[in-house]
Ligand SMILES: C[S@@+](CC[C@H](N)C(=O)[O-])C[C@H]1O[C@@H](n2cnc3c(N)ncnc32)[C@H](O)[C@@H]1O
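In the block that follows, a single chain appears as structure tokens, in the form predicted on its own.
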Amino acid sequence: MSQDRPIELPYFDFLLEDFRQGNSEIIKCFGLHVHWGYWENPTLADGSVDNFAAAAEKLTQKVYQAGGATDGQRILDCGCGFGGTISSLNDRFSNLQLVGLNIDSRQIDRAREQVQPRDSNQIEFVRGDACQLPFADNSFDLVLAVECIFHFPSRQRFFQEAYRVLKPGGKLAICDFVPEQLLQPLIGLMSTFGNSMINNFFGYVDSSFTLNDYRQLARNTGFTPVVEENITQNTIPTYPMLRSLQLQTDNNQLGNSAVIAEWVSRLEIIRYLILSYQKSSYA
């Protein structure tokens, strides 16, 4: 997915149009973070936009905590969206050098408008390809990819690039929708019916990468696994919220995609995992 190739992310087209029209609930839910939420106790989710926004912020925190984010680091957020993860790090840590990268200039423009540095932090938003990172070797303490790696043209190239730009001992932390290995035949059958609907709304999505695939990729790249956490059930309240927003926006693609995703998540046919990896201190 080169920078010169057209960006096809239909759901961002819908979001940006809703922002333009001043849809306050869409702005509250997705104006900063554009990903699922995390509820420590899903039974306490109340279905409100404020509750969902707090859960989306919590998911972001879970991912960068898995990567060991702390004061004084240089952190790269790949697929940074509208700057939500950079904003969260900016609010909670000091003396950071924060870089958000995204291939879609519209998202970068909004992130630059929304997120300003504080507490001696530095912030830069860069248009670029996560599989061809425009940064020097050994230049970051932490690389993040929050609910976006399935859009990348190659997980292998992204891992190789993340490894290259990380300092020795640095970490990579991601979250992803990961299919259950034993249910791969069923997932293949479902893909025949569901992929066109999902891709028509979310753009290119590859949800075929299993946990074993990640483990093998980490070994081949040189990473050591640090965190493998299944948070599928903690994300389930996201789906009723998506259906509620579909009714308000009359966006059938959003609602239909949410129905499919909720079904496979509740059954854990596809699991929502937080994964982190460490580069050798001697690399």
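Throughout, we count residues from 1 along the sequence that is shown. None of these values were measured; they are calculated from a predicted model.
Quick note: we don't show the form predicted in complex with the ligand, though the next part is all about it.
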item: Selected contact from V165, L211, I103, I123, since only one has a non-hydrogen atom within 4.5 angstroms of the ligand in the predicted complex; value: I103
item: In the predicted complex, the one of A218, V34, V49, V227 near the ligand [non-hydrogen atom within 4.5 angstroms]; value: V34
item: One stretch from 165-173, 135-143, 112-120, 78-86 that, in the predicted complex, holds residues within 4.5 Å of the ligand by heavy atom; value: 78-86
item: The ligand contact at L273 in the predicted complex, heavy atom, 4.5 Å; value: no
item: F152, heavy atom within 4.5 angstroms of the ligand in the predicted complex; value: yes
item: Heavy atom of A130 within 4.5 Å of the ligand in the predicted complex; value: yes
item: Non-hydrogen atom contact F14 with the ligand in the predicted complex at 4.5 angstroms; value: no
item: Heavy atom distance at most 4.5 Å to the ligand in the predicted complex, all of L9, Q107 and C148; value: yes
